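Here's a solo chain for you in structure tokens, the form predicted on its own.
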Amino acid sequence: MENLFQHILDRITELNPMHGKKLKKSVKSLGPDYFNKAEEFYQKYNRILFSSGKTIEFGIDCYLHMCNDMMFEQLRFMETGKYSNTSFDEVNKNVYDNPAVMEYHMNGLLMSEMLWHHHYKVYSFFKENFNHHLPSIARYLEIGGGHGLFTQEAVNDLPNAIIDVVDISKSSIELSKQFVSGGSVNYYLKDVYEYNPEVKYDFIVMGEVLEHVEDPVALLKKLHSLLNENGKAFITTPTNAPTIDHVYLFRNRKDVVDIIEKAGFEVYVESCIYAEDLPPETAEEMKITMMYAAFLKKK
């Protein structure tokens, strides 16, 4: 299908006019490089769907289903100031161990990577800064690989490195295996707290995982223990982002940085990207979701 990305935007607008118009407005300023990358991304995803007897309409349906979940969670959040979930076990039972929910949720998240401007900007921030670290990376680890977007970049940029992925979700690993092409990736289906390799890593990526656990400091300390003394890490996490699988509420940048420092890291490059085009002070006051992304080193 020619210009698949435009078809996706048009189809979402047809099914949910208000949301579709908002998407089109938010991506308009991102430039031709963005639209080329988005087209490449969704053409690849479409081929994956086709190989399993599905079409891009399936991905669009999953995305809108996920957005509906988020809308209801947002309404609860506005009323209570809290996330609906209070424990990882609760989320694990209702989401991660539920294949039907995981299917639409993971596919919806994959669709959002190029539809949401703040997701794309985080990806671009990672790419720009990751390139500076390539010569020093022989062993790369991703914790919670999700659908495989960052893993694919590691495969592309580190042809001679050992690339490992640890994820607690079988659905996530299966989707990542489909999405990631070329190279060799070792996947481990297990809780990261039970993962104890003999050799430590030069670089670790953990994208949007901290908000899924009750104790993010403990998780970052585990990451710290898996990293060699001169190693670096890249983490992302959202603030004020109620969804069906988020547990820990970060309210602002300071909340995230405090936890990073408690775990023995320091931030040396960071980016704060809000989901709405508003002044940062206004966005924080309105509890607009902010994607925090940072490169870390040991103190």
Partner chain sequence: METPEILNQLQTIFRSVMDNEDIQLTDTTTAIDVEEWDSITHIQLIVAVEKFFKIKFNAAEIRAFKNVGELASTIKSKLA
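Predicted, not measured: the structure shown is a model, and the values here were computed from it. C-alpha atoms forming the largest set that superposes within 1.5 Å between two forms make up the rigid core. Numbering follows the first chain given and starts at 1.
Quick note: we don't show the form predicted in complex with its partner chain, though the next part is all about it.
In short, of 40-48, 66-74, 248-256, 265-273 it is 66-74 that has heavy atoms within 4.5 Å of its partner chain in the predicted bound form.
Within 4.5 Å of any heavy atom of its partner chain in the predicted bound form lies no heavy atom of Glu229. In the predicted bound form, its partner chain lies farther than 4.5 Å from every heavy atom of Glu128. Proximity of Lys287 to its partner chain in the predicted bound form falls outside the 4.5 Å heavy atom cutoff. Using a 4.5 angstroms threshold between heavy atoms, Lys24 stays clear of its partner chain in the predicted bound form. Just one of Met78, Leu134, Ala218, Ala100 comes within 4.5 Å of its partner chain in the predicted bound form, counting any heavy atom, and that one is Met78. Using a 4.5 Å cut-off on any heavy atom, none of the residues of 90-112 reaches its partner chain in the predicted bound form. Taking 2 Å as the criterion, Glu284 counts as shifted between this form and the one not shown: its C-alpha moves by at least this amount when the rigid core is aligned. CA of Thr282 to CA of Cys272: farther apart by 3 Å or more in the predicted bound form than in the shown form.
Pairwise change in the predicted bound form: Thr282 and Gln74 C-alpha atoms lie closer than in the shown form, at least 3 Å.
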